[in-house]
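Below you will find one chain, with nothing else, as C-alpha cells; this is the form predicted on its own, and questions on how it binds or moves follow later.
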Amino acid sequence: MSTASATALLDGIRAFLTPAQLRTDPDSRLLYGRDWTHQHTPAPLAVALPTTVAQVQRLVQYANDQRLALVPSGGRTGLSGAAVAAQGELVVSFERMNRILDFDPIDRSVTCEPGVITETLQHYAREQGLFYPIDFAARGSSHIGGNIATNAGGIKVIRYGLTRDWVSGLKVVTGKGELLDLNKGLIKNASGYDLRHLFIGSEGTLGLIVEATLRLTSPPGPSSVMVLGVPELDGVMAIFDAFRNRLTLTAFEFFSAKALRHVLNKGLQRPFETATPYYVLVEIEHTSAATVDTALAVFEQCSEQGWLADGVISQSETQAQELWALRENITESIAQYQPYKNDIAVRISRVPAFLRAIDALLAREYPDFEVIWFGHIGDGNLHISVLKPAALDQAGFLARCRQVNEQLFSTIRQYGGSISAEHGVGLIKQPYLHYSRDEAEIAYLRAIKAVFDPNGILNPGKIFA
C-alpha cells in the first residue's frame, strides 16, 4: 500500500474516531498486530480503539467501502495467529469496550462488552454470590470477546463445558455492518436457526462481537486437589475412569516429567519424592462429608492396580494452589525456548490408543528435540510443545515442525480427532484444516462466510485462505 493510499484511508477513519482512538505509531502497531504465536511479523495499517457499537458499525461500513481488511483484537493471548495483522490490515481493538452493562439475579446472567477481562467477570460473579466457570491460565489478560470468538475451554471443561455452553445472547456486527441481536438471553428458543452458535468459535471471520449475555451458576463447593505419579501412559485413563466413576471431578489434567522439570526449575517444589514419567492433577468437588475418604480409597485401588506410584492430596487452599501451579505454570516455564505448539483432541475413549501412536511418532520424528506434553486429558485435549534447540535458527526449526505436522495430523484424522481443540485455526492451522474437515464441509464454511462477509474484509486468511 502506498503512503498516499494509507494516508487517505486513515483520514477517512479520523472522520468518525477521535485522535486518541486511532494509533499509527510503530510500537502500537507491533503490540496490537500480534498474538502469542510470534510466527508472523506484524504489519497493520493502524490500530482502531472504538468505544461504542455505532463506531464499530461505522468502521465495518467504511472498510467495506474501501475494501480495507479488519482484524479484531482482544487480549491477544491466542496461539493460532487469529489476531495477527501482517498484511496492512486495520486492527480493531476492543479493550476500551470493557464495561459490565447489566446483571440479572433472576436470570443469573450478566451482560458485558467484549473487552471485559475474563478474570474481571469471574470476580464480578463472585461478588454477586455466583460463579462463571470458564477458566484457564490466561484469565488475567484474555477478553470475553476473544473467549467467545474461539469458544474457549480451559481447565474445567469436564465439569462445566465450553464457553459455548454459557453464552445465552450475543450482539454482533456482521461483515456487512449490520447489527444482529441473537437469542436475547433466552434459555429456550426454538424459532429457527440459532445464529448465535455460528459466531461462537468463528474467530472474527463472520462478525465482530460487541456485546454478550452470559449465564452464571452457583459457586462450587469446597474441593481437594490431588497430584498423582503415573509410571505408564496407559494408566492415565484408567485412573481417570476410576475417579470419575466414584467422585465429582472438576478437572483432570495431565503433564509429563519433562514438563514438571521445567516448572521446578522456576522455583516450585516437587509434590512428592517418587519420580514418574507422567503425572495427573485431579480436582474433586466435595459433594459429601465422605468425599476425601472416597478419594483416598480410589487412590488405594489405583495403586494396587499399578496405575499410580505415589501422590499427594491438598490439605489447605494454599497447598491446592501450589499443586495447581505445577500444571498452570508449564507454558510460562518453557516460553524462553520458543516452543512450537499443537493443541489437539480426540474422543476420550480413543485417548489411550492415540497417546501410544503419537508418543511413538514424536519419539521417532523429534529424536533431537525436547517435546513437552500436557493438557486437559479428561476431555480428550492434549497440548504438545516442541522446544527449539539453541543451535537451530527459527526458520529451520519451524520448517522441521511443519514437516512433522503432516504426519501428526494424519494420525489425528485416523482417530477422528481435531487439529485444534481450543485455540482455533487462525493462520497457523489454516493449511491443515482438511485433516479435520472434509471438502464438502469446508465448502459450506466458505458459503457461510460469504453470506455474512461478502467482501471478505473480516479477518481474511484465517481458518481458510
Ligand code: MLT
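Computed from a prediction, not measured in an experiment: that's the story for all the values here. Sequential numbering from 1, following the sequence displayed.
The following text describes the form predicted in complex with the ligand, which does not appear among the structures shown.
Only one listed stretch (255 to 263, 306 to 314, 325 to 333, 120 to 128) carries heavy atoms within 4.5 Å of the ligand in the predicted bound form, and that stretch is 325 to 333. Among the residues 278, 340, 374, 243, the one placing a heavy atom within 4.5 Å of the ligand in the predicted bound form is 374.
Think of it this way: in the predicted bound form, the ligand has a heavy atom of just one of 284, 227, 79, 110 within 4.5 Å, and the residue is 79. The ligand is not shown here, and in the predicted bound form it never comes within 4.5 Å of any heavy atom of residue 196. The ligand is not shown here, and in the predicted bound form it never comes within 4.5 Å of any heavy atom of residue 429. Applying a 4.5 Å heavy atom cutoff to the ligand in the predicted bound form picks out 422, 423 from 408 to 425, in order along the sequence.
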